[in-house]
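Just so you know, structure 1 and structure 2 below are the same protein chain in two forms, each on its own as structure tokens.
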Structure 1
């Protein structure tokens, strides 16, 4: 490569990298640094601010905060597991059973709902599930119910909405890995007398583990940090940790405590992911490829 070509490559890299760097630094890195600084600030009786760990300490001293996080984390793990159980057969059907000419069409069907804003999709579920909604209307018309059934503002409804809004982010990584799985391995296992459960347990799941872990991390983080779905489908009893952050910043104007809770959410969720990776003996470098 000549000197002039190296200069062109260097300038090309600078031109394309600069907007990305500015985007990441100004809108992500810089605000996070400021929030981290604010999380260690407190105000005394004289109105002076100084370094303190009180914002973090309140999370552990007030049961409502850590119990809410524990509930959020457990439900996030449950949603991730449910999404995984649904995504595995869907990905297998698209990659191994469906005809090639239909695979693209099936993927479009999965993608179409996510072309619509999340708020609109949640309101779609509200229209279906509320007392005057579509499901209750047909159940009453068919005389299956005598009175409308209240299906909104339950944990089951909230989980349903979270599963629906995060399904794509599990299916796509698994499909990306499962496409490279040699069909001959499955055929050989069947010829040797292995059952369907054994094929899934010994061949398909271990091979797709990087995609499974990648999708699980994405889904877990998205669900853990979700706000709209628990708020609208779970109602005031949803007790989601992001609502605690929202209340601290927006309602109580306590930015310092809200920032501390935000970083606690990031740290504790990262810790959970680290533990899961260790238990499953997966390397993060392989998962995020």
Structure 2
């Protein structure tokens, strides 16, 4: 390589790296640093602002806050689990059972709903589920129900909506791994005496573990940080932790408190993922692949 070529290569690197760096630093790192600073600030009785741990402390001292978080985290785990249970057979059907010419078509069927904005999709659900909605209309017409049933604003409805919104992000990584699963492995296990349950438990799931873990992390993070679906389908009593952040900042205008909650959400969800990875003996670097 000559000297001029070396310089060219370096210029190329700078030209392509600068936008990425600016994007990351100005739009993500810088605001986060500012939020982190704000989360440690507070005003005392005299209206003087200064450093405090109060914003973080209130999370642990006020049960409403940590209970909301616990509820959010548990429901997120539940949703992730339900999504996984549905996604595994769907991915298996698409990669192993469906004819090759239908595989692309089935993938498109899974993708199409995600071309529609989340808000529009949720309103679609509301049209179906509300008291004067489509489902109630038909159930009444068919004389299955005497009075319309209120299907909105239950936890179950909210979970249904969350499962629906995050399904794609589980199916795609699992399909990615499952496609490379050699059918002969399944047949070999079967030949060596494994029934259907043992084939799933010992061969398919362990083989797809990297896909399952990356899908689970994405879904868990998405559900934990989702705002629209729990707000619109869950109703007043179904408090999601993101709503606490929203309320702090927008309603109570307490940016410091909201920033602290934001970082707690980030920290606690990372902790949960870390614990799950340790428990299942997976390595993050492999999962990310």
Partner chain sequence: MEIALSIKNVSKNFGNFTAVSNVTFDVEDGKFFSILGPSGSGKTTLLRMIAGFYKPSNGVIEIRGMDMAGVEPNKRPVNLVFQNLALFPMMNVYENIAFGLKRRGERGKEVKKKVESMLERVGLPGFGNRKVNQLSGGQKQRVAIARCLVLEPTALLLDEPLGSLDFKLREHMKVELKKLQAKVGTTFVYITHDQSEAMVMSDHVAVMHSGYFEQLDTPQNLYNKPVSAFVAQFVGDNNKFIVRLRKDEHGRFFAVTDEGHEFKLDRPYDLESSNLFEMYVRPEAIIINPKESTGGINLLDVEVKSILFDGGNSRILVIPSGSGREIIVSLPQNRKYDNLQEKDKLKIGWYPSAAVCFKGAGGKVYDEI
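Positions refer to the first chain, counted from 1. Just so we're on the same page, rigid core means the largest C-alpha set that superposes within 1.5 Å between forms. None of these values were measured; they are calculated from a predicted model.
Between the two copies of this chain, it is structure 2 that is the form predicted together with the partner chain. Once the rigid core is overlaid between the two structures, residue 275 does not reach a Cα shift of 2 Å, moving by less than that. With both forms fitted on their core, the C-alpha atom of residue 16 sits 2.8 Å from where it sits in the other form; this compares the forms between the two structures.
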